[in-house]
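A lone chain, given as structure tokens: the form predicted alone.
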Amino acid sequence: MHDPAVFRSMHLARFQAAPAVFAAPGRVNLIGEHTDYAEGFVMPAAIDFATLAGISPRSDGKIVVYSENYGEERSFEAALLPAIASKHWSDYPLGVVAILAGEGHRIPGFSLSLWGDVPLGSGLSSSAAVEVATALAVCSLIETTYPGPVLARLCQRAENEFVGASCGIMDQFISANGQENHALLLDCRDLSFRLAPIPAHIALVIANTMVKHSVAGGDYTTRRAEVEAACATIARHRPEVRFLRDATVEDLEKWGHEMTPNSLKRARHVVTENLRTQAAAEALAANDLAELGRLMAEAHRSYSQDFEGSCAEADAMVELARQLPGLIGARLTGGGFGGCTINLVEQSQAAAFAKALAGRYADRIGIEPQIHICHASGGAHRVL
């Protein structure tokens, strides 16, 4: 995370007002991809990459948002917020403001600075970090608070309803509710969760393929539609199945012939991924690292072959990781179609693992990857 004191000084120099400063982390998902919008299970951990949001009041009725990452400032009238997104980075903070206004809060003028080190387009949820940091900042200004799970829902709505990306709840939830040194098994149906301790000797090594994706893009939307079509097929026979969370492998065997081949494959990934995710939480709680690694390998294979959400670069990154000492488990993480892999690695071998993986990936793919050795961090909070 960037230095909050430096960030505060930057805001003060730009807006001539000392801000309150909040931080919201990005996340890495250990297992459970594209299960969240099927009301299934996911197991993310917050990481020590974060977005900082600094806020100070204004007296001119304007909302002025500045991104240090983009070096750009946007200005809006607080009393006349845009109704639709403009496909610009400012849609994410502005969407949060619009949702809070829709909840009945009077939004005054303010200056908001944003500065983050969550890699953009990497699958580590930079957008959710921006949303949650913005939400905490604006809520502090209007003197209101929301419990973490409720705040996460509001931020998810900002991305669904304003930005136009059909993401599930996982990214915002872990950013708002993460706990240090733990993964979080989240039931996306009722937002109940339990913590799974990550042993101190395990490092989270995140390998960025440098292939970017956007969850607002067509691939993500197409896959989600295919998942929902498969669910609708099963529901014709079992009306109680509202989401694939309620479906079984036996359902797919019985009625898969009524689905398109792609819908069947997507559904098979989601149904089996839910089972794997719950099993992985049990394995982590029992310190059964061999089983955890096996489940991660199976999850990547399903993500790549059944969901077809991987790419040649990500598949290569996972394959190369499996050849290196110290690896416990590796898989593509995040929305897919590029981004990062998550590698659980023995802490004592993490630095050598990262160096070797970077070299082998560059040799094979011709791209220098970014490799980060991380740990599970706490959720969003005020820092200054």
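Quick caveat, the model's predicted, so the values are computed rather than measured. Numbering starts at 1 and runs along the sequence shown.
Just so you know, the form predicted together with a small molecule exists too; it's not on screen, but the next bit is about it.
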Given 355-363, 318-326, 33-41, 50-58, the stretch touching the small molecule in the predicted bound form at heavy atoms within 4.5 Å is 33-41
Using heavy atoms and a 4.5 Å limit, would one call I198 a contact residue for the small molecule in the predicted bound form? no
I'd like to know if L295 sits close to the small molecule in the predicted bound form, meaning any non-hydrogen atom pair within 4.5 angstroms. no
Does M170 reach the small molecule in the predicted bound form, with heavy atoms at most 4.5 Å apart? yes
Would G335 count as a contact of the small molecule in the predicted bound form, using a 4.5 angstroms cut-off between non-hydrogen atoms? yes
In the predicted bound form, which of the listed residues (W255, Y220, F110, F193) lies with a heavy atom within 4.5 Å of the small molecule? Y220
